[in-house]
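Here we start with a single chain on its own, the form predicted on its own, put down as structure tokens.
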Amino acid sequence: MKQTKKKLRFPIGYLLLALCVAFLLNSLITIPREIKIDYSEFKDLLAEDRIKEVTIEKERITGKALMAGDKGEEEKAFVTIRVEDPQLIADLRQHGVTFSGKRENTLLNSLIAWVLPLLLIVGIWIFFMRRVGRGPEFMSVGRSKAKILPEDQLDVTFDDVAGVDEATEELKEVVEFLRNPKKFTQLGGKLPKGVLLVGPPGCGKTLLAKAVAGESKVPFFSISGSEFVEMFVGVGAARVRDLFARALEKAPCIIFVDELDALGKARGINPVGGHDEREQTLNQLLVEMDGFDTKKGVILMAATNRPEILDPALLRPGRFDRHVLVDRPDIKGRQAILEIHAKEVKLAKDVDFAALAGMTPGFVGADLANVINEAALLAARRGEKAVRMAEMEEAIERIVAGLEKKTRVMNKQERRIVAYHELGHALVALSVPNADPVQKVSIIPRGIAALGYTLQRPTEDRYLMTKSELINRLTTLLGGRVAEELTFDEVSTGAQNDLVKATDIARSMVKEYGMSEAMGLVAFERNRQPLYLQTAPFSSSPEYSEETSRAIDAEIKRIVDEAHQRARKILTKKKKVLDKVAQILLEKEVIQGDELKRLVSEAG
């Protein structure tokens, strides 16, 4: 994008400079260099025999005369407006002044004053446009801005992709389509016109599209959905036509549209009114997808992380025939991704990718690449010759909790509150069944607002949560607040984020999961982000009565209160353990999970 902006601003700046030069030249050419005098003064100089010669023109008189200067009288050029004076010729003869007439060449003056500067502007414009490499922007506004990567420049293959095995297998068939289309068409089948890659940001959708092109050895057209839409009406549609025309010339090839939701948003989804230019561009895309022949081997691929807002016309068969889910990787996928990104990094022998994969649930490919990069930077900063496991773990903590703020000074009372708060979370997590193991407890401030944190890591990837597990999580979240209540007989603002998360869990249990006996098996809230949205509901008003709303609120409060009492009961029994371990945490600032278990067992 930076290069595009540079192309736009570079010639415009020089165009303005050329205009300034042209006006300056025009002013220098047209401004007379003679001294301007009145006609009466001219007649006085003539009467005093100071006029040496004159040239009489249609509207003015020019010549030379003796005038006062810095070194006495000097011969200077003058100009005056011509006045109807029948005696002028006679006076000039009487005083012996040489005079002549001059026919004014208006065409030559116009050429000098305007045509030459305009030619200068055009010359400068053409020169810099050639330097830029493309024609003037207004001449190419309807051309597609797609970047074309020839087949010999695509070095990405499926070997560079990991963690999305199902999506890779699905796309290998597309590669086979491009390599050997006759294998499928000889039986009467048709190649898919479009492949839509759907998944969270950072999961590798763009990388997969490049891998398909690299494996197929075909040209790759890459463009963002936002690059189609401009402020000028009709430009987006023209760019769509130009893109498909250029793709047909390079067939077989792949057209990849990133962030399709910027272009393909459902028509009529905006209650205020649609963007005419965007809708025209979308209409043109639908027409082009219907019109181009798949036998020529042009496949349209697109990526989005918001499929629910796409226009249904884009998703029907015959347009985007295949929808490929590029989901977050599981633990094996994360391990494979880490190994790929660590190929060019010098690693110590203690680095365990399996353990790192277990520490990073929910991380996508971009997050894992960032972990490797952050660890390498940390090792370089510390002067290490290789990246150790310690740097890897610290890089994960940086991404999860933020940067350590050791310079943020807290007073003794605040440090005590934070220590008891974090240990409250940790002791409850160690006491309830099926809770995620505690990996670390720290009272070192991190990030923007975290004064301390308790790091829990699941032992395996989970896709379902039972009611008892949700209640255990609720209890753990409220453990910090309860520890403050038992120790200081008052509470602080440190539990604000815990209360928000606890309330969200309780609300979901009542309104979405049907886990409340009082409310029954009724869902009071639909999925907040439906996968494919046919019509966009603009009203967010609840679809139940006020009486039901009050009952829901009461049930949410009951669940949170019960979890609070449960956490209070657990920590009341472990008050001595809490006090003893808190003193150790205040001294060491960080306690690892294994050490915490040992301290709890010794104190208990």
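All values reported here derive from a predicted model rather than from experimental measurement. Counting begins at 1, following the sequence as shown.
As for the form predicted together with adenosine-5'-diphosphate (ADP), it is not shown, yet the points below apply to it.
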Practice prompt. Select from the listed residues Met465, Leu207, Ile148, Leu88 the one whose heavy atoms reach within 4.5 Å of adenosine-5'-diphosphate (ADP) in the predicted bound form.
Written response: Leu207
Worksheet item: Exactly one of Pro437, Gly362, Pro317, Pro201 has a non-hydrogen atom within 4.5 Å of adenosine-5'-diphosphate (ADP) in the predicted bound form; which residue is it?
Response: Pro201
Discussion item. Contact with adenosine-5'-diphosphate (ADP) in the predicted bound form for Glu394, defined as at least one heavy atom pair within 4.5 Å: yes or no?
Written reply: no
Item to complete: Using a 4.5 Å heavy atom cut-off, state whether Val164 contacts adenosine-5'-diphosphate (ADP) in the predicted bound form.
Response: yes
Item to complete: Could you confirm whether Ile254 comes within 4.5 Å of adenosine-5'-diphosphate (ADP) in the predicted bound form, counting heavy atoms only?
Response: no
Discussion item. In the predicted bound form, does Asp160 come within 4.5 Å of adenosine-5'-diphosphate (ADP), counting heavy atoms only?
Written reply: yes
Item to complete: Considering adenosine-5'-diphosphate (ADP) in the predicted bound form, find the one stretch among 366 to 374, 283 to 291, 508 to 516, 487 to 495 with heavy atoms no farther than 4.5 Å from it.
Response: 366 to 374
Worksheet item: Which residues in 337 to 360 have a heavy atom within 4.5 Å of adenosine-5'-diphosphate (ADP) in the predicted bound form?
Response: Ile337, His341
